[in-house]
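Below you'll find only one chain, the form predicted on its own, shown as structure tokens.
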């Protein structure tokens, strides 16, 4: 006889929704001080924009993911590569 599997905390959609909302709040709170604090920048035209480093980090991560997918496509070998004689 199979035992009924106990549901995990992440199996409930309302908990996942709460977690997402919490993450969005944390992200907003982390970017908010950027609007009020003075920054000593080297390139004042771009670096002084509020949220610049958050945007820069996001774009850099997206580029890393896209380049890694491109590498995966270019370096891919056939599934039977080692079985061929």
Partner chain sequence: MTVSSLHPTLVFFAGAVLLWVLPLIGRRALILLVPATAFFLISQLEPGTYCSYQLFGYELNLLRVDKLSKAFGYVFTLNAFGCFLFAQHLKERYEHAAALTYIGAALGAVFAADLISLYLFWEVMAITSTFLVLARKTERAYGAAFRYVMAHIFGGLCLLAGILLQVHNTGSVAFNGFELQGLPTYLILIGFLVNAAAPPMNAWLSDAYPEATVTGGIIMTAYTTKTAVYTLIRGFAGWDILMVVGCTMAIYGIIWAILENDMRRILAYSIMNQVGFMICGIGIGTAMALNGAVAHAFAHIIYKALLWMSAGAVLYMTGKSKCTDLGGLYKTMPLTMIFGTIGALAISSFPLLSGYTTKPMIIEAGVHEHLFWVWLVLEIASAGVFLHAGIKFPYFVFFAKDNGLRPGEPPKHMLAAMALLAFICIFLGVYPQPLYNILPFGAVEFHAYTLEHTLNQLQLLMFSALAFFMLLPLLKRTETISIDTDWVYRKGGRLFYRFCQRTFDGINDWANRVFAQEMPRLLARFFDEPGGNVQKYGYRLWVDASGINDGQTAVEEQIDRRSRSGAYPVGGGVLLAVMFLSLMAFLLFL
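Residue numbers count along the first chain shown, from 1. The term rigid core refers to the most C-alpha atoms you can superpose between the two forms while keeping them within 1.5 Å. Quick caveat, the model's predicted, so the values are computed rather than measured.
Note that the form predicted together with its partner chain isn't included here; everything after this is about it.
Visitor: Residue 72: heavy atom within 4.5 Å of its partner chain in the model of the complex?
Guide: Yes.
Visitor: Indicate whether residue 17 is a 4.5 Å heavy atom neighbour of its partner chain in the model of the complex.
Guide: Contact with its partner chain, no.
Visitor: Hey, in the model of the complex, does residue 64 get a heavy atom within 4.5 angstroms of its partner chain?
Guide: Contact with its partner chain, yes.
Visitor: Might residue 25 be said to contact its partner chain in the model of the complex, defining contact as any heavy atom within 4.5 Å?
Guide: Result no; residue 25 lies far from its partner chain in the model of the complex.
Visitor: Judged by heavy atom distances of 4.5 Å or less, which residues of 16 to 40 approach its partner chain in the model of the complex?
Guide: The stretch touches the partner through 23, 24, 26, 27, 30, 31, 33, 34, 37, 38, 39, 40.
Visitor: Could you check, with the core superposed, whether the Cα atom of residue 70 shifts 2 Å or more between this form and the one not shown?
Guide: After core superposition, the C-alpha of residue 70 moves less than 2 Å between this form and the one not shown.
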